[in-house]
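One chain follows as structure tokens, the form predicted alone.
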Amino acid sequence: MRLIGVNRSPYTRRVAIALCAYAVPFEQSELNGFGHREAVRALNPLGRIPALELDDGEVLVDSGAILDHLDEVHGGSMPLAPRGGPERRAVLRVAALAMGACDKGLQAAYHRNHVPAERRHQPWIEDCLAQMGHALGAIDALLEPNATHLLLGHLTHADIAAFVAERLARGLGIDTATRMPRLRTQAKRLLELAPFATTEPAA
């Protein structure tokens, strides 16, 4: 099994964390959609990471679809997203908030870093970052004091998605320790666990 993508991408990293949490052996090809566009497009016509190449050669794209496959095949009796019911909806809701926050944060970063200064629209950047902050604030409010996990008392995709979103937010200058202190504390705690520590990208 081969994971295509760099762990600086929150979408790739959430897949890498899940693979490690499920103890699934995999190799990783550290390609990105900017510097390795043709190689990535050969696997995903959109040119986006991550992609997951299965042992039989099938290629899965989009982090949500990849995680759904991993839950189905490797989740056993306790998948990272419950099989159904209100518990599944709760996990998927938090994961959607977190990954939506990542979407907005990356839109802001792209606009700030790739749009010429004379065409840059600062209110758009600020609005994207505000949306990111509001989403992470809502997740922070869900965390009980001293809770080890967001939901269900064990690791779920909600924890993983919130973790990668919090890391991205800090990288974009959002003071999560002040604005989302419970989420920041949980992220520090999770970073002590192997699936999170071993997927930490180089500085």
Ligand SMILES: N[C@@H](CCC(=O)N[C@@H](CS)C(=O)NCC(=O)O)C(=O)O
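All residue numbers refer to positions in the sequence shown, first residue = 1. Owing to the predicted nature of the structure, the values given are computational and were not obtained by experimental measurement.
Omitted here: the form predicted together with this ligand. The next part is about that form.
J.: For the chain shown here without its partner, which stretch in 83 to 91, 102 to 110, 68 to 76, 125 to 133 has non-hydrogen atoms within 4.5 angstroms of this ligand in the predicted bound form?
T.: Of the options given, it is 102 to 110.
J.: Identify which of His149, Arg167, His36, Arg48 has a heavy atom within 4.5 Å of this ligand in the predicted bound form; exactly one of them does.
T.: Going through each option in turn, the one that passes is Arg48.
J.: Tyr22 versus this ligand, in the predicted bound form: is there a non-hydrogen atom within 4.5 Å?
T.: No - in the predicted bound form, heavy atoms of Tyr22 and this ligand never come within 4.5 Å of each other.
J.: Is there a non-hydrogen atom of Ser63 within 4.5 angstroms of a non-hydrogen atom of this ligand in the predicted bound form?
T.: Contact with this ligand, yes.
J.: Is there a non-hydrogen atom of Ser9 within 4.5 angstroms of a non-hydrogen atom of this ligand in the predicted bound form?
T.: So Ser9 counts as contacting this ligand.
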